[in-house]
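Presented below, as structure tokens, is a lone chain in the form predicted alone.
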């Protein structure tokens, strides 16, 4: 795709921000309920309750809307990972490890249909540089967390764990799993076994 992938302008006033949020939420609802083939700028404007002219003030193409949804979800994942692994929370290493796994599961299974649609869009939209930057940021954060927890070879361990968790969680999503607690228990067995943390945790 060669269509513009960035908003025309950033909303500064509260009303403008609310309009952009409505447009993005409408597009996400269409993706989930109707599929990508039904998503057009006219349909998004209709569902968002705005005029097509207003939509075009902020987004030049439907691809720009989709790319922005993907960016927002990625940013939320990164923020959740940062919160889970933050220092000074009073939680120990294993408690924060559990929160890290929960964040990864929530990103995939919180809105599973939308998550699958966004993964498909990731393969269509030319966002490779942004994708690589996100992966690097996640690995850096997880490696730093593991290093502070005394894990040997934290960079290598971060790569292994992120890849293993993504594979497990993505497979669960594709299989239609909805039991996040059961997936959490399986994921924690994987993580604890890899890190040699002993007995599994209950939830």
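Think of the rigid core as the biggest set of C-alphas that the two forms share within 1.5 Å after superposition. A quick note: this is a predicted structure, and the numbers were derived from the prediction, not measured. Numbering follows the first chain given and starts at 1.
What comes next is about the form predicted in complex with another copy of the chain, which does not appear here.
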{"property": "Among 22-30, 43-51, 140-148, 155-163, the region lying within 4.5 Å of another copy of the chain in the predicted bound form by heavy atom distance", "result": "155-163"}
{"property": "Contact test, all of 36, 175 and 196, partner another copy of the chain in the predicted bound form, heavy atom 4.5 Å", "result": "yes"}
{"property": "Candidate from 91, 72, 119, 79 lying within 4.5 Å of another copy of the chain in the predicted bound form - any heavy atom", "result": "119"}
{"property": "Of 106, 83, 95, 124, the one that lies within 4.5 Å of another copy of the chain in the predicted bound form (heavy atoms)", "result": "124"}
{"property": "Touches another copy of the chain in the predicted bound form: residue 17 (any heavy atom, 4.5 Å)", "result": "no"}
{"property": "Residue contact check: residue 134 to another copy of the chain in the predicted bound form, 4.5 Å heavy atom", "result": "no"}
{"property": "Another copy of the chain contact at residue 64 in the predicted bound form, heavy atom, 4.5 Å", "result": "no"}
{"property": "Per-residue C-alpha change between this form and the one not shown, residue 103, threshold 2 Å, rigid core fit", "result": "no"}
{"property": "Residue 84: Cα shift of 2 Å or greater between this form and the one not shown (core-aligned)", "result": "no"}
{"property": "Large Cα shift (2 Å or above) at residue 93 between this form and the one not shown, core-fitted", "result": "no"}
{"property": "In the predicted bound form, shift in Cα separation for residue 179 relative to residue 113, 3 Å or more", "result": "farther"}
{"property": "Closer or farther in the predicted bound form: C-alpha pair residue 178, residue 117 (3 angstroms or more)", "result": "farther"}
